[in-house]
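There is one chain below, alone, in structure tokens, taken in the form predicted on its own.
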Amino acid sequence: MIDPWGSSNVDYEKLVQQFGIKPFKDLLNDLTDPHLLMRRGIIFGQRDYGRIVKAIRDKEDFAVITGMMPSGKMHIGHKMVVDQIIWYEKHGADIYIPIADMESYSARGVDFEASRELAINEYITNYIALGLDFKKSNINVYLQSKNLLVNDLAYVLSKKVTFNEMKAIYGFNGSTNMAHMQAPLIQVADILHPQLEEFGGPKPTVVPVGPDQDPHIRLTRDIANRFKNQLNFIAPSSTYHRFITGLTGGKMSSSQPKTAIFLSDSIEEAENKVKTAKTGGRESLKEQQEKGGDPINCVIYEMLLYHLMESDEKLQEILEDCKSGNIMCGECKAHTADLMKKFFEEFSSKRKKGAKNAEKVLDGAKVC
């Protein structure tokens, strides 16, 4: 069982085999300009993504839904989702960004006012700094607790969901509070409501997620099919991206500061964290010169792979130099730290500007 609120490790291969997720690479050549996360295999899986490929190719209406749960600080791993949103918006998608303050309350115990402040000061501020333009009319952001339409839809959809089903998917039991049980159904409504008549009727939708969120996707697809005749829903598509490794070698987590580079870190903090990150180096210089490094298990290489190296050709050169022993970890780490420093120099400036507009975004005021 996958726990979408836990910190359990995910076996990517088992997930594909057990739950029927298809390899993303099978559709890669159908996209004229795939995002680097797609090209590099970071986005590794998909469900019904052919619908989205067709919508992009034929310039048809489609939507992207991706939520944020305001329960902690954003780290650089979260940047992946924003990068995908920006790519989809450029390809004509309507973007929906629910702020999951109800889920944060039920699963993390964060009260609604604290969620709102986190959403403004962390998430929306960082989304703006990363390049998402909230001035565009096709980008919709809202608090779950303030969206009556979504909550009403969740109530309607719950009619065809049983406790036994929720127990089988999420492991809920007699001690699970009712708010926590309700939270997944609100997420289902978040995902499906762009297909209602007032939002343009049924349309292909895609939800880009980490594999730990797949239980929500499976539930949503099942419910969409149950309401197909009544509400004409199309089962949502989904893509799945790998998690970036934490600085110490495990999972990068907002609750474990030593594992993460936070987007609110100073330039110096971000640079220094790269310099202390785990590498794929051998035990001795001689051994590395003879056998080469292990970039596949190197946090430094992942930073380049996910975020800091735009050129596929240059990235391939670094990969080959590492594996052949032509470059040592110290040199590669220093280069990556310099790239991170440059990224944060530009990003920190944008973040200060974004902070001035973040509250306006949530309040529906004009963004300057």
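Residue numbers run from 1 along the displayed sequence. Quick caveat, the model's predicted, so the values are computed rather than measured.
We do not show the form predicted in complex with tryptophan (TRP), though everything after this point is about it.
- Select from the listed residues 207, 244, 270, 74 the one whose heavy atoms reach within 4.5 Å of tryptophan (TRP) in the model of the complex. Flagged contact: 207.
- Contacting member of 125, 115, 237, 144, with respect to tryptophan (TRP) in the model of the complex [4.5 Å, heavy atom]: Result of the distance check: 144.
- If contact means any heavy atom within 4.5 Å, which of 132-140, 174-182, 151-159, 97-105 contacts tryptophan (TRP) in the model of the complex? That would be stretch 97-105.
- Message: Just checking whether residue 67 would be counted as a contact of tryptophan (TRP) in the model of the complex - the rule being heavy atoms within 4.5 angstroms.
- Response: Heavy-atom contact with tryptophan (TRP) at 4.5 Å: present for residue 67.
- Message: Even though the partner isn't displayed, in the model of the complex is residue 259 close enough to tryptophan (TRP), meaning a heavy atom within 4.5 Å?
- Response: Contact with tryptophan (TRP), no.
- in the model of the complex, residue 253 touching tryptophan (TRP) (heavy atom, 4.5 Å): Answer no; every heavy atom of residue 253 is more than 4.5 Å from tryptophan (TRP) in the model of the complex.
- Report whether the minimum heavy atom distance between residue 213 and tryptophan (TRP) in the model of the complex is within 4.5 Å. Yes, contact at 4.5 Å.
- Message: With the partner left out here, which residues of 240-265 have a non-hydrogen atom within 4.5 Å of tryptophan (TRP) in the model of the complex?
- Response: Counting only heavy atoms within 4.5 Å of tryptophan (TRP) in the model of the complex, no residue of 240-265 makes contact.
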